[in-house]
Structure formats: C-alpha cells, structure tokens
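There is one chain below, alone, in structure tokens, taken in the form predicted alone.
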Amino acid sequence: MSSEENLQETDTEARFEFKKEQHSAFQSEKGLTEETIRLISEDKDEPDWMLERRLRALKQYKKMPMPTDWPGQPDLSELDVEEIVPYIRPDVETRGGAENWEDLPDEIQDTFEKLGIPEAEREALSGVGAQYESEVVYQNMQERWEEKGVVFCNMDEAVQEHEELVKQHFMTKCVPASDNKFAALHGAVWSGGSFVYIPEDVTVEMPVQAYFRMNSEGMGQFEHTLIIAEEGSEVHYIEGCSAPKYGTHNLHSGGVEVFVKEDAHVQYSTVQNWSKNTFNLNTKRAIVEENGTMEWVSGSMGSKATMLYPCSILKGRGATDNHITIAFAGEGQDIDTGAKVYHNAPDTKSTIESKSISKDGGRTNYRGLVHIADGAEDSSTSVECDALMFDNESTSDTMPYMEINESKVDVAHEATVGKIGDEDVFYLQSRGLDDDDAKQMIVAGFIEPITEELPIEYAVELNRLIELEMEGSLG
C-alpha cells in the first residue's frame, strides 16, 4: 500500500494518539544539573562558546522564581522540572538528519508517515525538517532554493556549519536567557530545532515546515528555531507539534527567534496539538526592521496548560506586525495565550486578532501587551478578542494591557464573549444538520480568519483537530 493510501485510511485521531516503543542512543538523567548540561554539549560536540552560554543560562534559571503571581495564570504547581528527562537522542544512524525517509528506522519512519509529513513535502513544501524526541532525524530542502543561497537545516548543524551567524543571533538580542525562567531553562538544555536563512531579495514561494514529535513519557522537548530574513526577502515557516498522552507530565519549552530585516516579510504559522499531560511554555519573539512585516498565525490546543505570547519588536520606521491566534480548552485545560507588540519607531502598525473556544469546564485567556514608545508617532494598533463558550462551566477571560507613551497614535480595542446560541443551532437544524454538525459549522465559521491564512492542507487539519477536541476524542 502506498503512503498516500495509508494516510487516507488513517483518521486524524489515530494520526496523533499513537505511541511507539522508545529506542534511544543516549538519554540524560532526570533533572537539571551542570553535569547534565555538559553531557548534552559533549554529545553534540559543541564549541566552547555554546557550552558557556548553556551554563550561564543554567545559573540564571536557578536564580529565577517560578512565575506564580500573574493574575489568572495557569497552575504550574504540578510541573516538577527535576522529574523531566531533558535530553533523549533517538537511535538513528545519521546525526543531523537523514536526507531520505527510507534511511530512518522503521518506527520513526512510520511515525511521520502517520502524521502525513512525507506526503506534505511531496505536494506543498519547499523543505521539511522532522524532529523526534530531542534531535532532528530528517532534513531536506529543494535544490532550487539551495542554489539561491537559502539555508534550511537543523540548529545543531547550524552551530557547526554556520557558526558566526548563530553566535551573533542565538539568544543575544531577541530572546536572551535572562528574559524569563523558561527562556533560561531553554537556553540551558535546548536541542534540535530549525535554522532558516533567506538571502537578500529571495522569495521562497512555497512554505518550509518543521514538525516536532515527543514520543517518550516524562521527557522535555526544547527545540530552538532561528530565522534570519535578509533585506527584501520573504518566507513562510510552518511548525507542527504533537505528543501522545501518558500518565506522567511532559514539558515543551521551545524558543523562537526571528530577525526580519528591511523590507523583508516572514510568516510564522504553528499548529500545536500537545497531549493533555503536557505543559506548553514557550518564548517566541521577532525583531522587525524598517518596512519589514512579521505575521504570527497560531493554533494552540491539547495541552494541560499553555503559556504562549508571541512577541514582535517593531524597531524600524514602517515596520508591521500581524497576530492571528486561536486557542481551544476542554476539560482540565487552561490555555493562556496572546500577543505582545512593542512599537519602538514611528509609523509602525500592528493588528492582533484572537479567537478562543472553551467547553466542558475548560478555560481560555487572552493575555496581551501593546506598548507604543514615546516618539513612535503616527503608529497604529488594533486588538480584537472574540471568545466562544459551550456551557456555563467554561470560562474565557481577556487581559489586554496598553502602554501608550505617544499622543499622536491610533489605538483600537474590541472584545466579545458569547455562547453558542440556541437560535443559531435551531436554524441550522431546520436546514437538516444534527446538533453536533450545527455546532461544528458555527465553530468553523468562528475560526475562519485563521484557517484562511494557512495552506489548504493545514487549514483542513486544524478544522479536524477542533472537531476532535469538541468530541473529546483527543488525549
């Protein structure tokens, strides 16, 4: 049977919920010690400067308290980092990623076939990276983009092959380890992830994608993504994430740094479908220069608790930032997402559109910050938050913060919270739909502003994931 036929016969729930027996070539002990950090760096054969940065981040992590005083934040009391395995290197022959799927062990190859990644690469992508546990196991880029100087490789390879670029940009200006406790944790134990470099005036016409899969129980995944878009360039980077459900907690604490140079355009799209035993705590940030454009498109669901607030720093005149986010929370879930934008230059623009859905007692929260600096005249921002609740037990909160230090600006904010109306469901039922199909159609229309920003394959997948969450089928 071909992989395409195999994929068609595998429903979405089965594609995400399966588990594989763990086979690792190297695995660290639980917890966070200097010895563990040194072992990770040694196993990767890293240069001394990277080890030094890891050790500095470890010291910062140990000094910082857990975030517990944010109003309405998710409960992190059940997260014990000392019980998390921070590094598992899968048992594959090719370090740094195979160039052919057939070169991977059968269980890893089957994992990504079920997730549909090889098929997506054949049909709709310029390049693909696939991470399993703590390391990238597959990496490929179309030759036509390599010939134009585009680099798409895993971060471990980038440290070796593009050392000066990485040394200059890695957790220096964009996301320093001192930013927050989980950024410091990430800086100490990061592993895998993507390095994307787009040369000046090059437009990558088809998206590049990375997929991150956690398979092992009780592990942490700490991939780092670094994107550098030179002047006048353009790229769309898509990130997918998933993990099966286990009885103990997993931790995902990724880091994303995006550098958008003058007149460049970067879209960063992510669909995160972690299991309900996973804490999802990320730091994502972009620095946008003159007339550059940064777009964030995010879908968050599935985790026990999520704290995710992509941030853009608009440092050049005419820089633009657009955020579109969706969050879904079911029983026992607290999905705290939002956006941050810093207008640090004149004539900058930002829009934030947030959609959230909660059911069966789940909680969603939009937490956002818009800062307009003194002197950032003629800047504008628009924030729109819409929440949809299925029942009286579910909650949805909105916590927008506006720091406006310039008078000559345009600021708008709108928030709506509502339930699925009986009259809406009744109308659709009168047109032949049953109760579940009517509610799914209402939700599909509600999230359409997000799905229309994704390639069709990913829009369909996101809609299907939302349907499964509504049914309570995903773990």
Partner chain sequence: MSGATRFHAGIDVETVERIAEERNEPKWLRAKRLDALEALSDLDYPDVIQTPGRTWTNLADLDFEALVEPFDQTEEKDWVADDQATVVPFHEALNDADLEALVKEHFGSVVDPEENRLTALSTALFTTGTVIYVPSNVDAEDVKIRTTMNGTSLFNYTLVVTDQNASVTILERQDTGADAATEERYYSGIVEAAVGENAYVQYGSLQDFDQSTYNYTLKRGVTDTYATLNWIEGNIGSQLTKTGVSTLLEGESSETKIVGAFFGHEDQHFDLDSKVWHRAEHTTADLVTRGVIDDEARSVYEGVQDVGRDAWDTSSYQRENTLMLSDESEADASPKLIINNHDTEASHSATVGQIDQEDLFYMEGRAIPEQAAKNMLVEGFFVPVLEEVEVDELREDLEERIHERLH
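Note that the structure is a prediction, hence the values are computed from the model and not measured. Residue numbers count along the first chain shown, from 1.
Omitted from view is the form predicted together with its partner chain, to which the following refers.
Remark: R38 does not count among the residues lining its partner chain in the predicted bound form, judged by a heavy atom distance of 4.5 Å or less. A residue is said to contact a partner when one of its heavy atoms sits within 4.5 Å of a partner heavy atom; K63 fails this definition for its partner chain in the predicted bound form, lying far away. Interface residue remark: T172 is not counted as part of the site for its partner chain in the predicted bound form, having no heavy atom within 4.5 Å. The closest non-hydrogen atom of A184 lies beyond 4.5 Å of its partner chain in the predicted bound form. Considering its partner chain in the predicted bound form, the lone stretch of 197 to 205, 398 to 406, 263 to 271, 291 to 299 in range is 398 to 406 [heavy atom distance within 4.5 Å]. The partner is absent here; in the predicted bound form, the one residue of E161, D80, E231, D391 having a heavy atom within 4.5 Å of its partner chain is D391. Taking a 4.5 Å heavy atom cutoff to its partner chain in the predicted bound form, the contacting residues in 417 to 436 are V417, G418, K419.
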